[in-house]
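Just one chain follows, in the form predicted on its own, and it is written as structure tokens.
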């Protein structure tokens, strides 16, 4: 499933992104279970707040981490997240 770069990205209302103290990681919680996230994935999903499109998420992360060239990695992860229902586009 491909990300539409022009549409706003929002975290799914049927999932919850939260810090899990026991695992010392951010996780996605949903009725069927839990997904542990690495730091990069969590940083991307935290920006899926319904106010940003793909370009803005990339720009914000490149600015935060003072780097460039993150587009392919971020896009690839968001396509997996969309396929898994963790995010929605509108």
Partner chain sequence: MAGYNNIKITPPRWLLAELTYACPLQCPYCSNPLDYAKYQSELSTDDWKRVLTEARKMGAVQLGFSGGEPLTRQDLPELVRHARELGYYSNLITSGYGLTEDKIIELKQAGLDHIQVSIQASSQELNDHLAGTSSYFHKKEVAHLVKKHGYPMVLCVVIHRENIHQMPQILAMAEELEADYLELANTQYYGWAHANRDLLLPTQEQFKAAEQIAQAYKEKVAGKMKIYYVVPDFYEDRPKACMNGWGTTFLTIAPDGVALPCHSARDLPGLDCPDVKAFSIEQIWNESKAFNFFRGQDWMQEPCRSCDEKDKDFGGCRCQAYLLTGDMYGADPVCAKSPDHHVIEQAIASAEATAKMTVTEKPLIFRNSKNSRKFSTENS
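Quick caveat: nothing in here was measured; it's all calculated off a predicted structure. Numbering follows the first chain given and starts at 1.
Separately, the form predicted in complex with the partner chain exists; it is not shown, and the next lines address it.
- The three marked residues, 16, 23 and 32, each reach the partner chain in the predicted bound form, with a heavy atom inside 4.5 Å.
- Put simply, residue 4 is far from the partner chain in the predicted bound form: not one heavy atom of it is within 4.5 Å.
- Contact annotation: residue 89 falls outside 4.5 Å of the partner chain in the predicted bound form, judged by heavy atom distances.
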